[in-house]
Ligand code: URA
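Starting off, we have a lone chain in the form predicted alone, written out as structure tokens.
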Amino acid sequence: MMKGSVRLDKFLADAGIGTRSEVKIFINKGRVLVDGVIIKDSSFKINIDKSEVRVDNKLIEYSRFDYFMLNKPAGVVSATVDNFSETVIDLIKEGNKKDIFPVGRLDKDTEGLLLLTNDGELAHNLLSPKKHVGKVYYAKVNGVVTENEIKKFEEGLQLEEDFITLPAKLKILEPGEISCVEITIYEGKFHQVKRMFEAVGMEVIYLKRLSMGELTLDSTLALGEYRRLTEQELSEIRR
């Protein structure tokens, strides 16, 4: 838990109650109590360790970590800063923006699930190959995917002189000249899914991440939209 004091509006925004502008409205309307007293001053300083804060009489717990699920659109870079392109951080409009970072990378033209947080320990655990956290992707591939490719993916593919992929699961959803497939990998090398298909003579023309470990993309999130993780989701990915 963080120590010291913080503005009331920042406390509420960081706790996920709303954006800074939204929580200021709550405060102005007298919906916020600090230690049993209605506070209508957004800049009022509270003690993070000692103050009891309630909104509509609901006790608010404060965490110094933020966890956001983003449905990343194509054209946005998985980085904290980029001089030329919009980043995934630019899409987040709340929380400790200066501290959060994407957990792993999705290529600029890849869509789908991306977790953003400032919890370094959790990020390390999710990304470490030793943890064997599966990442599931939906892909459209230029080429006819067969049982032969499924077997090669299961055996591991040599992408570099000193790098052979861990066994991956490949599932054919719709066979054809343009094959629709689902692939599960357990590491995250640069352009890995695309390079794996290149290794078997095929080209990925569309790629979307569906899940990462126990965390599955919320189907109600449109491209570019995000939300905070639920307590249940957090509990599941911390296991």
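A residue's number is simply how far along the shown sequence it sits, counting from 1. As the structure is a prediction and not an experimental result, all values here were calculated from the model.
The same protein also exists as the form predicted in complex with uracil (URA); that form is not shown, yet it is the one meant from here on.
Undergrad: Among 102-110, 83-91, 158-166, 124-132, which stretch has residues whose heavy atoms lie within 4.5 Å of uracil (URA) in the model of the complex?
TA: Among the candidates, contact is made by 102-110.
Undergrad: So, in the model of the complex, is residue 70 in contact with uracil (URA) at a 4.5 angstroms heavy atom limit?
TA: So residue 70 does not count as contacting uracil (URA).
Undergrad: At the 4.5 Å heavy atom threshold, is residue 40 in contact with uracil (URA) in the model of the complex?
TA: No.
Undergrad: Would residue 212 sit within 4.5 Å of uracil (URA) in the model of the complex, counting heavy atoms only?
TA: Taking the distances in the model of the complex, the answer for residue 212 is no, it never comes within 4.5 Å of uracil (URA).
Undergrad: Flag residue 170 as yes or no: does it have a non-hydrogen atom within 4.5 angstroms of any non-hydrogen atom of uracil (URA) in the model of the complex?
TA: Outside the cut-off, so no.
Undergrad: Could you check which residue among 51, 192, 179, 184 gets a heavy atom within 4.5 Å of uracil (URA) in the model of the complex?
TA: Of the listed residues, the single hit is 192.
Undergrad: Hey, which residues along 42-58 are within 4.5 angstroms of uracil (URA) in the model of the complex, non-hydrogen atoms only?
TA: Stretch hits: zero.
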